[in-house]
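Okay, so we've got the same protein chain twice, two forms, each given alone as structure tokens, structure 1 and structure 2.
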Structure 1
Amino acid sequence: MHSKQSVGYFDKPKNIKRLWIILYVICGLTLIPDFFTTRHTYFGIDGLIGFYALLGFVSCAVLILFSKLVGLILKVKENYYER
């Protein structure tokens, strides 16, 4: 048996910082094609740069908040099955 506890890749602060930087770079790179595409807008707001990225973020946040609300409603007591 090993006396040292092995440290995982995601437990090192240096690696976590690298992953955040990679995430920011990838998110920034996904906005670049938005400057070079021709938009055929159906509503006035969908022609804005980064609209679909913002729409995806807001949709995800609303979905998370909705699931937390449903979790509060459907939550049962801890001893529910011990009756």
Structure 2
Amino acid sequence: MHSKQSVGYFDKPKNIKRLWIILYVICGLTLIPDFFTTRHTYFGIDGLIGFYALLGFVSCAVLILFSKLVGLILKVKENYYER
């Protein structure tokens, strides 16, 4: 057994900040090829620069907010069915 007080990589705020920077940089990097290539489009809008980035961002934000909203009705205590 390890010590309960062991400090891991993700316990240090400095590392978390570093990871945030890496995430932003990767997100930015994924956009770069769009400026140099032309995508075969099926519907017109799917050829826009950063279309898939926007799609991912917006759809995930909507999914989270929507699930939060329906959660107000659907979420119940764990012993709900045993009562």
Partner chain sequence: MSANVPPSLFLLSGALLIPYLKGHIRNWYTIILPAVTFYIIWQLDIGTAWHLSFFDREIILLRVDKLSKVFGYIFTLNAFAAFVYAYYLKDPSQHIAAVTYMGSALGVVFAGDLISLYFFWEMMAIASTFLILARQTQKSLNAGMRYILVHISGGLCLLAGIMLHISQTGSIEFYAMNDRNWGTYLILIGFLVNAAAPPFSAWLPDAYPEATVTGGVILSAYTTKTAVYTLIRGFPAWEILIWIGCIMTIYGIIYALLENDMRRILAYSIINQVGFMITGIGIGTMMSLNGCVAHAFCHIIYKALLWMSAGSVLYMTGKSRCTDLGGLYKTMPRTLLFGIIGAMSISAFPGTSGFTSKSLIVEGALHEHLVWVWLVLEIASAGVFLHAGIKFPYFVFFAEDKGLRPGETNRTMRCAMGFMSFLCIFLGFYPQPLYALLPYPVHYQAYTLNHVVAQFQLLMFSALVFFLFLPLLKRTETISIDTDWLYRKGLSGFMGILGSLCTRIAHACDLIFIRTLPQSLNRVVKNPLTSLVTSYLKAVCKDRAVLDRFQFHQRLEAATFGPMGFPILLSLMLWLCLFCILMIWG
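Between two forms, the rigid core is the largest collection of C-alphas that superpose within 1.5 Å. Numbering for residues begins at 1 and runs along the sequence of structure 1. Everything numeric in this text was worked out from a predicted model, so none of it was measured.
- Only structure 1 of the pair represents the form predicted on its own.
- Relative to the superposed rigid core, residue 12 undergoes a CA displacement smaller than 2 Å between the two structures.
- Once the rigid core is overlaid between the two structures, residue 74 counts among the residues whose Cα shifts by 2 Å or more.
- In the core-superposed comparison between the two structures, the C-alpha atom of residue 30 has shifted by less than 2 angstroms.
- Here residue 43 exhibits a Cα shift of 4.7 Å between the two structures, evaluated on the superposed rigid core.
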